[in-house]
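Same chain, two versions here, written out as structure tokens and called structure 1 and structure 2.
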Structure 1
């Protein structure tokens, strides 16, 4: 994604923007400041990013979304804290919070980061001259943050691997599967917006695969016949129902990362995050988050870049419960193929030890953490 020119970042489209609903509102309503021809005076107490306080600046016109969004994963980054809390202890929280604020908080998202500007982590700037886009741009908004893994996989930017079939043949955008209900963190059920529908409530999600949030996408929503083995493809009916996640057969290689650490910049002396490297892999293992919505026995796994000493810059032994969660985590690669290499024949998977996470493929210090996902014996060859 090419960077925006400085003038592009701040230029308000004088023709397009005033013709929109937001363009009919005085600048001061959202940005405060002072109505004055002098720039310095006009910018007195200016609020540059009003959607940082959506409940104050957005709620008058968008009350439903503004009430829900503060509990969303995009706003709270709760998924990070779910895993950090599991691996750490309450007494280590101050150091973990300092680390999080310095290195992770920049991924926190506001309404503006999706609807009017590029996210701040992608250097910000208006994407359409201050025109608010109802549907976020896949490249300027979604993959601006989710680019290194999801974006590269979905758009086919990993060498030798085709783009996702949903993009390649259907030109589907992120929002075709990830709806506004999910993005805004809806927890109160349909009746919150639609009075004619029955009431229902569920807790805010605590990570991106949390089944409490019923808005998350699932392959079965569009491909239920295939998921239940009721179509014409024999491979679908050959496996017991719910044995395999769809990605096991329909994803290609994807990115894993190792060993994220805080390093010190030689130029500034400031701490920054770096990883030892990333690589393409494809691993099948046991499902670490089995549930009613995710009942599969086998799923695809991705190595996440954390180890026991990841945050040692901020203190010693900050992750004393490191083994509480696997470092090979449940993943949903975004490079779906109709026929992936492991599904070309039965024995492309059965008997193929290369694509199963066995103990010999796990770093010695991480074997205990990964016991829930390690496969003890590879499914036998089909004769």
Structure 2
């Protein structure tokens, strides 16, 4: 993605934009400010990012999305908080919150980041002269944030590894699997799983992985014959149901990271981070989040860049419960292959200790945290 010139970022298409539904609305309705030829005056109490307050500026016409979205993972980043809370303690909350504000908040997503502009963390700028695009762009929106891991895998930018078959062969974009309902945090409601609860459209954001068939893209939803071992492929009926997640056989090596530390620069006052390692791995382990929706015993795991003293800059021992969660986390790599190396034959996997997360592959300080995912014995060679 080539960077945009500063003027390009804010250049409204004077023909295209006014011809759309939003272009018929006065700029001031969404951006406040004042009608005046002088820039300074015109920008008085300007709201540069109206969709930051979608309940105020969008809900009149998009009531459902605008009221749901603020609770979504993209808006709240609850996924971050779930893991931060588990590893820290309530007493450390103020320091963690300060850290979050400085280092994590920048990935907080507005409607505009998917529908109008490149995300601000990628320097911002209109995608098509302020026109609101119904379908977010894979590269200008999604991988501008999800680039270093998901994007590189999906588009085949990791050396020696082919792109995802859904991209290469199916020409599918992110939004072919990740629907508006998922992206907006619109769910089918709590009573879908909890019959006793009243009908409600709000699913708590920490239900990230408790998907139901409608909300999350699941391999099984599109390939149910494979999931049930009801096709011609021998590998699909070789195991008891719910033994191996699809990715265990279908993904190629994917990104793991080590040791991220965050800090504020003394020189510039800007936040920055350092990560020590960034490498390709393929590791099978036990499923740390087994549930009705994710029943598999074995899944792919990646090392996440968390570290006991990742937030040392903000205080001592801020993650006293470091061992509460594995540092080898559940992952769903985006580089699906028809025949990945570990599934070329039964014994590419059986008896192949290199691809199983056994205790010797975990650094000593992290062994406790990873007990739930460590594999004791590698499945034996099959005859």
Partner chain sequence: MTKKIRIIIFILTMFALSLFGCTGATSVPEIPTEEPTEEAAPAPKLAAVVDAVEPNYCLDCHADKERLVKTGEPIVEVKSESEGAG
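In this text, all values refer to a predicted model and were calculated from it rather than measured experimentally. Basically, rigid core = biggest C-alpha set you can superpose within 1.5 Å across the two forms. Numbering follows the first chain given and starts at 1.
query: Just checking, which of these two is the form predicted in complex with its partner chain?
result: Here the form predicted in complex with its partner chain corresponds to structure 2.
- request: Superpose on the rigid core, then tell me if the C-alpha of residue 37 is displaced by 2 angstroms or more between the two structures.
  value: Yes, the C-alpha moves 2 Å or more.
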